[in-house]
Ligand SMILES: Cc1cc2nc3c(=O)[nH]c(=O)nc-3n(C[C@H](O)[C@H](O)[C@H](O)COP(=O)(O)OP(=O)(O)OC[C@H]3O[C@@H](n4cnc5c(N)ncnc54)[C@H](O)[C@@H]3O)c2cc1C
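Next up: a single chain in structure tokens, the form predicted on its own.
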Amino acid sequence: MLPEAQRNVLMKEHTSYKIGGPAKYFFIARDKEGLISALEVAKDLNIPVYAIGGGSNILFSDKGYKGLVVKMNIDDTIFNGNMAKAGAGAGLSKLAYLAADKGLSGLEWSAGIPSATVGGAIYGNAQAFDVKMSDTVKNVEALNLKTLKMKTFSKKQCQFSLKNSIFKKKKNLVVISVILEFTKKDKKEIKKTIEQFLSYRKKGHPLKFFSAGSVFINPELEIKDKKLLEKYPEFLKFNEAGIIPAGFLIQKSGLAGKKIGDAKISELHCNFIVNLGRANAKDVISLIKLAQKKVKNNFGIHLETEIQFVGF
């Protein structure tokens, strides 16, 4: 019924973590028509569906996924003045450079994020350097997996919040495309900002290893415990900013460099759990649970995961 679909495709070949067992069915959607055809077949056969972009920010089970994984490769991009329409599969970093060449500012923060796509960035309202994906979004076109009907969501209807959106809350919605609204700026200024962010990532992120990016959401809260404030004066600065780096909490819990199997909490940035080469999902999950337990015991803070878990 869907000859383009593949069987038993290893998800480690399609994720930035390079971890994950086989998806029972795997389909690459290059346009809306192909996507809808695949979803119609899945609906008729009552097969569960999970859509992915570049495979970042996600951890597949070692057992894989007993359904249809759709890889969103709808990546056409059209610029019109200070606006752009981009497919969900468009590379976020590439789009940042395309916009920069046109003197359009808004995505500089995303340059150099490996494997990230527009759809994934909207799904989790990706952010960095105090800038969020939602800052540039005008509206989003999405498909309902249950009804197979398209709907355009205004920015307000997207319900963007910290690393969240309506598309993350309601798993039946799949992002198809987005209208982005940029700000006109000098090209040299935009590219200088991009280079600064790239330099920061090269120095502060473990880019030499496979990872899914930041594992935990940075808690937005204020520390009032006097003993903690005395022991860790850094909290005074974090309180002013209204956000505590999860990596700081993990590092101060003594977990920098901690290994389980072939997975490790990076010493360079403790909010990254990296795959040294042969890590499996069980290794990563064990480190996640350990970090959550230690941080809870030491600071009374529960770390909420940012990455998505599939097939568990």
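Numbers follow the displayed sequence, beginning with 1. If you're wondering where the values come from, they're calculated on a predicted model, not measured in any experiment.
Absent from the display: the form predicted together with the named molecule. The rest refers to it.
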| query | So which of 69, 39, 58, 270 reaches within 4.5 angstroms of the named molecule in the predicted bound form, heavy atom to heavy atom? | reply | 58
| request: Go through 190, 178, 99, 126 and name the one with a heavy atom inside 4.5 Å of the named molecule in the predicted bound form. | output: 126
| Counting only non-hydrogen atoms and a 4.5 angstroms cut-off, does residue 103 reach the named molecule in the predicted bound form? | no
| request: Using a 4.5 Å heavy atom cut-off, state whether residue 241 contacts the named molecule in the predicted bound form. | output: no
| said: I'd like to know whether residue 114 contacts the named molecule in the predicted bound form, with contact meaning heavy atoms within 4.5 angstroms. | reply: yes
| query | Though only this chain appears here, would residue 94 touch the named molecule in the predicted bound form if you measure heavy atom gaps against 4.5 Å? | reply | no
| Of these, 212-220, 77-85, 180-188, 228-236, which stretch puts a heavy atom within 4.5 angstroms of the named molecule in the predicted bound form? | 212-220
| field | Residues in 228-244 close to the named molecule in the predicted bound form, defined by a heavy atom within 4.5 Å, in order | value | none
